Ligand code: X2X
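For reference, the chain that follows is the form predicted alone, supplied as structure tokens.
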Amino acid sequence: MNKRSFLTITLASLLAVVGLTASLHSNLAMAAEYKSEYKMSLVLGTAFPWGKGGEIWADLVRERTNGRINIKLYPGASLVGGDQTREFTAIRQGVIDMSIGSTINWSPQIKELNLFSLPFLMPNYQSIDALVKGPVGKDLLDIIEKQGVVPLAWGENGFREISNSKKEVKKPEDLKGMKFRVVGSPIYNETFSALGANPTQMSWADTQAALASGAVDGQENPESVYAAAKLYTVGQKYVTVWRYVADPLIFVVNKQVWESWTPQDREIVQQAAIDAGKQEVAIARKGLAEPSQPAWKDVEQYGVKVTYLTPEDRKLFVAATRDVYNKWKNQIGAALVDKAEKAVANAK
């Protein structure tokens, strides 16, 4: 071997060692940035589809990363003192690492998410899918990302139906004078006021006690929440299936946390979110997507009167809330709502 060949081999070996050392240092630095545990905020626990989705996501991530990313669930919006409307801000600030959040709860910070709260925009599950899986859904995820939070997938809390302790509700005037608990978004106050009811905003943590005491007459929530919380035990004996709004969920990660992970782990976390989202939606729709809606049939065994609106009945509620719809269409963004209306019409 001549001197030049020896020097060339030696130099190549040194560069390989330097490269390997740099790679090891880089990997160690990345590993050092990983937390021993990541906090996932949820409004509802694992007895509900929402919380179950969080559990599935956490389990898939832990399994697929071989334990590099461990996630602890914090239901009841406990990381923000039970005030779910503060959740999105807390994610941006890094108080919360991950979340499956409600489009309703985050709408005070992201006005476009009020789209799903426009009264009677979405008549069926096909219309929800047309929105979240199409251009409208992409637009909304892009808006969220610009707010400094990384959105990964869609889930679903479901159509929100009303229940009360007083009487059957089949037309708008049946709601007159009744006091309803609603979520903390102005559009709900305006919608129920337009129907002649007296809306009052309160957290979910306070709702069941208020129903039990008679401080409020009724509430609005998906069937999964009504059944899992056994609201029929706190006087909610009258249910109306009216599908006036739906509440898609969004799987997200804090931006700084996201950037601290390797590209490979980011891909794993996102795919796990997509897979968990599909499973969560299936759980949320079980017994409700079928024409007979057997989930509500199960509730009737507890003495609950379940009323289903006919298309003619629904038109009365649409007319009664149209001014609210038109006002909020402009606040949300007429172009986005027009796109959503077209997607819903095509879904029919």
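Note that the coordinates shown come from a computational prediction; the quantities given were computed from them, not determined experimentally. Numbering starts at 1 and follows the sequence shown.
There is another form of the same protein, the form predicted together with the named molecule; it is not shown, and what comes next is about it.
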item: Stretch in contact, per heavy atom within 4.5 angstroms of the named molecule in the model of the complex, of 281-289, 315-323, 41-49, 300-308; value: 41-49
item: Proximity of Ile104 to the named molecule in the model of the complex, heavy atoms at 4.5 Å; value: yes
item: Any non-hydrogen atom of Trp261 within 4.5 angstroms of the named molecule in the model of the complex; value: no
item: Trp204 within 4.5 Å of the named molecule in the model of the complex, heavy atoms; value: yes
item: Exercise: Val183 in contact with the named molecule in the model of the complex, heavy atom 4.5 Å; value: yes
item: Contact at Gln84, Arg160 and Asp247 by the named molecule in the model of the complex, all three, heavy atom at most 4.5 Å; value: yes
item: Listed residue (Asn164, Ser117, Thr191, Asn221) with a non-hydrogen atom within 4.5 angstroms of the named molecule in the model of the complex; value: Asn221
